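Below sits a lone chain in structure tokens, taken as the form predicted on its own.
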Amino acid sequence: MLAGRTRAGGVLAGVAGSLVRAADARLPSLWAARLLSTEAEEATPVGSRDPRRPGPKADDEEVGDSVSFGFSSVDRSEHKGLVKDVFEKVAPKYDAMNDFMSFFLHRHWKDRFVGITLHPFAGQKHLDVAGGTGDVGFRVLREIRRAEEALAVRRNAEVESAGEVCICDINGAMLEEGKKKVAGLDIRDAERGLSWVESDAESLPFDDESFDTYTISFGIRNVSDIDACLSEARRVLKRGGHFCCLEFSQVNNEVLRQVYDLYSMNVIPYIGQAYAGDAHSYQYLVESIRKFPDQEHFKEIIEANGFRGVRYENLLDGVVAIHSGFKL
């Protein structure tokens, strides 16, 4: 394992040099190969930082009614509108850009997130917040339907499509892109099992204890108030409900961090301009990752909002992290 990491480090160092010399839209194949060797890592014990200190991170520039918008600080009342504008601009190209920028790895991350961390079950009532174009919500419904079919076989009974997935997003343009894909889904009773709600993650329009499970993927770093979002997640979950969050995080491997920083800060906005005609929105998305709490701190924030059994795992040395916990 150590030898493998050493070899990978050498490869990454070479790629870093290439990116410095020419930051173009083509990431060298050697780094792409390294990306395919995603490895999950368990969390270390929680640290001693105060999870209730102002803002999600000490350097988040959140003072009074100001909150971070990428590397800038904006009035809290303006933040939601700015984020909404970003996703309205990227909505038409959002799915394709995810594939392009992550070398399709986001699909693997989401498969693991849904199939292993969430582990859907028959009859499940699920809420996918910041659900955007439905990537995660569709995966959840597909696994629910498979679980229902397996249960019917065991019971020698008719299959009952009781499970439901509600895809919720503050941006109507993203939801409309998702709705366009429903007809082509290979999921039994997909239309009946899906609902779409345009709403703010910090003020959900659902009754208390409405859902068995809650997911938020690549979305919580864009909310104006992380505590409010987590509080709402806990409120709408049933007792024993499962909270799961998939988000970009802090890279643990120093060589990979340098390469990742070069790629994300210099290449991704360029790709956004070249492919989607919008460099500024992708610049914000990259900057928002840098301002998000690290794995341990975010774990503490989740615990401070009442969740129990909170844990996380790193994917690709922390490029992405999955956090999960329960309402007990």
Partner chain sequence: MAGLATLWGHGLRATGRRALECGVPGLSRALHLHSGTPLLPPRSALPPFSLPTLGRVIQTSSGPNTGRSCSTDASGGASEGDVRQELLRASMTHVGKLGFTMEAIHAAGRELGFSSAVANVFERKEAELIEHFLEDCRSKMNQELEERSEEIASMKIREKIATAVRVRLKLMAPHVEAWPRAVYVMSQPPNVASSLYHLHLLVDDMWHVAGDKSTDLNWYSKRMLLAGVYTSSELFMVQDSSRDFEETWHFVDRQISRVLKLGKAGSDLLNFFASRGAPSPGKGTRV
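Positions refer to the first chain, counted from 1. These numbers were taken from a predicted model, which means no experiment stands behind them.
We do not show the form predicted in complex with its partner chain, though everything after this point is about it.
Using a 4.5 angstroms heavy atom cutoff to its partner chain in the predicted complex, all of Gly306, Asn314 and Leu328 count as contacting. Contact annotation: Arg112 falls within 4.5 Å of its partner chain in the predicted complex, judged by heavy atom distances. Contact annotation: Phe121 falls within 4.5 Å of its partner chain in the predicted complex, judged by heavy atom distances.
In the predicted complex, its partner chain sits beyond 4.5 Å of every heavy atom of Lys291. Under a 4.5 angstroms non-hydrogen atom cutoff, its partner chain in the predicted complex lacks Gly178 among its neighbouring residues. Heavy atoms within 4.5 Å of its partner chain in the predicted complex belong, among the stretches 279-287, 266-274, 66-74, 296-304, to residues of 296-304. Exactly one listed residue, out of Gly184, Pro205, Gly81, Gly240, brings a non-hydrogen atom to within 4.5 Å of its partner chain in the predicted complex: Gly240. Proximity to its partner chain in the predicted complex, defined as a heavy atom within 4.5 Å, holds among Arg221, Arg139, Arg145, Arg234 only for Arg234. Looking at 205-226, the residues that come within 4.5 Å of its partner chain in the predicted complex, counting any heavy atom, are Asp212, Thr213.
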